[in-house]
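As structure tokens, one chain now follows by itself in the form predicted on its own.
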Amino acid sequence: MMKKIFLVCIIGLLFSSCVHDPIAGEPIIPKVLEPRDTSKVYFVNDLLPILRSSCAIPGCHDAATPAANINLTSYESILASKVGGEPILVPGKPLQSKLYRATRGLDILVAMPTPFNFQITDKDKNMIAKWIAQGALNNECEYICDEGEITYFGTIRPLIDKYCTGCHYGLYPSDDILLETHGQVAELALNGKLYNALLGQNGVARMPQLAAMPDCEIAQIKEWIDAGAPRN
């Protein structure tokens, strides 16, 4: 009897020491991200949110309605997109990449995004060129937020523009929600909808849709909201 109990204990220890659940399968291993190198442009951190907000929107270059068969929702879809049979992305060569050339209007009459959409800045356009010149890698680094004072114009507005304004802008904003002004952002902040959307809680759909905002950036927005969503 004692031998049976001892054998059961040994088997239990073996299963409890496993690093994965034998029923559920292999464990989810946390992704180890490289520290940020300020000389690099990171696709996941820096570029993809801007493309998704200002370019990969309904009627333009999202997955459901890819204008000119150009889908800018992911790294893989960007690589697969072509114009006239030629890839829109040529790693290492910004001036041969239509992804960049379109932002400068080098091949078309109107630069992208169109005047009806939220515009990306010259800084963003230069960032696209720099990313391509660095090899157009599907790279990602640690998300590190500035620990200085959180202000609307210095902290919150850049985050809203990076992740949200592209879809909530102009004559046809998503869900009829505009995020162009402080007043519009503050209203959603103070009634709880903005924070609920960032977490996808209390019956509010998570935003941004394709990928959650990093935790440290959500924390910055929460701190600003808790301070009364000031226009500072």
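Don't overthink the numbering: it's just position in the shown sequence, from 1. Just so it is clear, the structure is predicted and the values come from calculations on it, not from any experiment.
Missing here is the form predicted in complex with heme C; even so, the following discussion is about that form.
- Taken together, R52, A197 and M207 are fully in contact with heme C in the predicted complex: each brings a heavy atom within 4.5 Å.
- The partner is absent here; in the predicted complex, the one residue of C60, L179, A186, L47 having a heavy atom within 4.5 Å of heme C is L179.
- Contact between S174 and heme C in the predicted complex is found at the 4.5 Å heavy atom cutoff.
- Although the partner is absent here, K193 lies within 4.5 Å of heme C in the predicted complex, judged by heavy atoms.
- Contact annotation: G203 falls within 4.5 Å of heme C in the predicted complex, judged by heavy atom distances.
- Contact annotation: F43 falls outside 4.5 Å of heme C in the predicted complex, judged by heavy atom distances.
- Taking heme C as positioned in the predicted complex, the residues of 158-177 that bring a heavy atom within 4.5 Å of it are, in sequence order, Y163, C164, C167, H168, S174, D175, I177.
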